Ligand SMILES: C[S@@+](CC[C@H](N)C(=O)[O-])C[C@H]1O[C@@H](n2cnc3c(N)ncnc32)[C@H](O)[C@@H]1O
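The chain that follows stands alone, in the form predicted on its own, written as structure tokens.
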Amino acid sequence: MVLPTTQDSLFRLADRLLQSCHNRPQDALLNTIRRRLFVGHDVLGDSYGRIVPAEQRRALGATFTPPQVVRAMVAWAKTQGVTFERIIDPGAGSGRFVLAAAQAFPDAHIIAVEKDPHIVSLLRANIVLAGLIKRVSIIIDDYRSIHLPSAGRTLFIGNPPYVRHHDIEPRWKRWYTETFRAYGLPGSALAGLHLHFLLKTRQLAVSGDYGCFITAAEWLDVNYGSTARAMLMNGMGGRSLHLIDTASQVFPDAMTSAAIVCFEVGSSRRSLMIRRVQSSAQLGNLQGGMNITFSRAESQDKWSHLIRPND
């Protein structure tokens, strides 16, 4: 299979795949990419990561999640034993969470939110290739701007884009602080985009909704992350945290630590399960860890210190 070598050729390939799917000819390339997609190999997303320089992608927060991590997070959602009528991926990228969640929850409607129209072409091609066009709605917009009607129990799952506060527009910093103020908490203009997405999820979610996000782990320890930590314990229903050792580079082209946070909005639980793993290969279905009471967590400035590497 000949893969694209430039952005233009990649997007032309995505368009060709869409046309091929609609016209249903016997296209060997289409069939090869579809087969690989069904076993978790995102050819279009991998090509994008190979072609577009890491610096350019980081500025947009376009760092796609490794399949092993996607599988672990979807497996956690599956173990909750509840029926999700709606699944929302707030930063869908090329659709890795969308496709995995669609397979795990065949009766759920899926909403894929993606701001970059170029990446949307890859997302749409993957959705059509997977035969999910009737089950997935694509919203081309900034997640913080969207408004959604009420629905049944919703799962929020994905990899919120990691963009540092230096590259966030002042109006969105104001939105962050003002929105947190409505919850009686002090938001900080120093927060990165992933925390903006966490806050927007709190805005959209209702009691009984679930969530599972992978983010950079720095918010667990820094001052400007304290408000997000407080929100997790007050209304957002924090269930568990899974810290991936900093020596393990989860995202091949991004030198950042990683943490997976799981929550059940409105839960009456008063404790978190926290664990540390050496690599994403040890994530499993995100079970186990040390039980840390909210009162103990509230007394700590740095949550990564709540569990030692060998605990």
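All values reported here derive from a predicted model rather than from experimental measurement. Residue numbers run from 1 along the displayed sequence.
The form predicted in complex with the ligand is left out here; the points below concern that form.
- Put simply, Pro160 is close to the ligand in the predicted bound form: some heavy atom of it is within 4.5 Å.
- Heavy atoms of Ile87 never reach within 4.5 Å of the ligand in the predicted bound form, leaving it off the interface.
- Contact check for Phe197: a heavy atom falls within 4.5 Å of the ligand in the predicted bound form.
- Contact between Lys115 and the ligand in the predicted bound form is found at the 4.5 Å heavy atom cutoff.
- With the ligand omitted here, the record of contacts in the predicted bound form names 88-96 of 88-96, 199-207, 183-191, 75-83, defined by a heavy atom within 4.5 Å.
- This chain is drawn without the ligand; in the predicted bound form, the residue among Asp107, Glu178, Asp167, Asp141 with a heavy atom within 4.5 Å of it is Asp141.
- Though the ligand is absent from this view, in the predicted bound form it lies within 4.5 Å of a heavy atom of just one residue from Ile119, Ile127, Leu241, Leu155, which is Ile119.
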